[in-house]
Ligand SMILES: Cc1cc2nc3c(=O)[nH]c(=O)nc-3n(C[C@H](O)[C@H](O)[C@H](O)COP(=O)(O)OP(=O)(O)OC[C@H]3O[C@@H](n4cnc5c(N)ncnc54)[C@H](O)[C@@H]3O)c2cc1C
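Below you will find one chain, with nothing else, as structure tokens; this is the form predicted alone, and questions on how it binds or moves follow later.
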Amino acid sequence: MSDEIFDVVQIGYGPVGQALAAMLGQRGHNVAVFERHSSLYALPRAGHFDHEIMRIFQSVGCAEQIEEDVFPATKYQWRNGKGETLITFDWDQVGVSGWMSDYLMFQPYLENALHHAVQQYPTVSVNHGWEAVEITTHADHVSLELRQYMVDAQGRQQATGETKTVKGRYLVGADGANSFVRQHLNLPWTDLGFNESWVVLDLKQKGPVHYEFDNGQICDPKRPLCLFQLGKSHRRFEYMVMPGEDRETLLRPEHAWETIRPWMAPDDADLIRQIIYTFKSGLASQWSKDRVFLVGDAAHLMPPFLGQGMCSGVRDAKNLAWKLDLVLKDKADAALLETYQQERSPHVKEIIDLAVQVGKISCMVDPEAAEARDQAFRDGAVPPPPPFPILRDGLIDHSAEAHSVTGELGPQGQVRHLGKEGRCDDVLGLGWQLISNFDVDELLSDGSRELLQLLETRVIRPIPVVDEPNVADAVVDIDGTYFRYFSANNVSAILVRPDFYVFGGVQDKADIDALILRLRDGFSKRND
């Protein structure tokens, strides 16, 4: 066993694990990743991500490569068995994160881009073909025992007999729904009640294919079905396993082609996967133990009807990464890590509950219940979906003066600075951001300055294009994103965390110092 102690040892290298490894490597941490599969997984699972996740991909330098194949979705419709539109989700807009609202993707291409990003960071090592078998926690580190596997000529994994033990100051389980880490540490799990089996078909198009109804759900009680693009060259169909159906029959290619005959035929595409998935919902009630943390499907599961499973895992990774960074660099006490579950668990629980609710609407197979549902939509009796969840706990402004933008995603606009033009994170850098429409410098106390310096905060004062000739070293708000944000939210300054969530904001510039000192107090309370 080597005496080297990595900053982080990570189990699992799907997109959530890749994102976490890239973020930690970007900050210079020594990370050892172990993945039981012998290579990147060649088939898709997730098919959607949103503007927030694209900004996270941007932050690790792979957004441009991902853009090459993703399809920016403009709308997502729900129709009934008669072809009537029940509801339309308008996605044809730029999100607050500075990217299009929603994207459809072919996951292997996404993983290739993330893997390429990870490879840019020399402090990250990725080890395929190693399976975790034992975790031992110590006062100042975690030991992980692993067993090596190789793929034989028949494509089966065979143990080589080689083992190794590695150490890390922290260990992260990004090892999926059947998480070894969660089970080995006996971390409790709550089943949230959704359990429905669907056939999933993935197809590679032989040429361009377009339909009037391209992306959405068909809520037909005879057989609920959904279809959507997987990037620019693949498609997916999913349809419910109906009561009494024979699974062997459902997995025959001829059954698949018959089911999707209104849209595709073998001349249009190759069927690259046909499988039955059981969609479930669940949540770990404990996301960490000692120096070990769970992220992604290891911590939560949801049915796919909102396309937020992978997204939620990437949010976990971003949240945990910036906190581990501060702790590993001794800029914050380890107690900061307690806010990880405190923030992420209620956020993802709201999304799971909504996905389950939506799934139940889609999965109605009783004709009378489905007709009542349809009539409710026709009558306008179905309330609109709730706003997307925000952070409500953890390291945010909890004072009586807290602004309404607290816990929401902060904005990213197009800016120009010192001859460089682009999205703000690319032009000015990542990390904490203090964004204001006034000069904050003369209003800050020594305590606030020290904290902003410790956190390597970017102090940003975007100005309108018309004022550019009059301000040296200006940060120019090219597309007016920040002006519109300040005006729409009646706010004059916001303090944005490295995961792009707003710690807090102020309307009156005289309150900016007090806001920053409340952040300092938030750190201090966790150090006591």
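Because the structure is a prediction, the values reported are computed rather than measured. In this text, residue numbers run from 1 along the sequence as written.
One more form of this protein exists, namely the form predicted together with the ligand; it is left out here, but the text below deals with it.
Visitor: Answer for Arg55 alone: is it within 4.5 Å of the ligand in the predicted complex, judged on heavy atom distances?
Guide: It does not: once the ligand is placed as it appears in the predicted complex, Arg55 has no heavy atom within 4.5 Å of it.
Visitor: Answer with yes or no whether Glu343 is in contact with the ligand in the predicted complex, where contact means some heavy atom within 4.5 Å.
Guide: No, Glu343 is distant from the partner.
Visitor: Hey, in the predicted complex, does Ala46 get a heavy atom within 4.5 angstroms of the ligand?
Guide: Ala46: yes, in contact with the ligand in the predicted complex.
Visitor: Going by a heavy atom distance of 4.5 Å, is Ile11 a contact of the ligand in the predicted complex?
Guide: Judged by the heavy-atom cut-off of 4.5 Å, Ile11 is in contact with the ligand in the predicted complex.
Visitor: In the predicted complex, which of the stretches 283 to 291, 305 to 313, 259 to 267, 82 to 90 has residues with heavy atoms within 4.5 Å of the ligand?
Guide: Only one stretch passes the 4.5 Å heavy-atom test: 305 to 313.
Visitor: State the residue from Arg236, Arg416, Arg458, His115 whose non-hydrogen atoms include one within 4.5 Å of the ligand in the predicted complex.
Guide: Contact with the ligand in the predicted complex is made by Arg236 alone.
Visitor: Just to be sure I understand the contacts: of Phe500, Tyr482, Phe503, Phe34, which is the one whose heavy atoms reach within 4.5 angstroms of the ligand in the predicted complex?
Guide: Exactly one listed residue reaches within 4.5 Å, namely Phe34.
Visitor: Using a 4.5 Å heavy atom cut-off, are Val16, Asp175 and Tyr277 all in contact with the ligand in the predicted complex?
Guide: Yes.
Visitor: Can you name the residues of 192 to 221 that have a non-hydrogen atom within 4.5 angstroms of the ligand in the predicted complex?
Guide: Sequence-ordered list has one entry, Val200.
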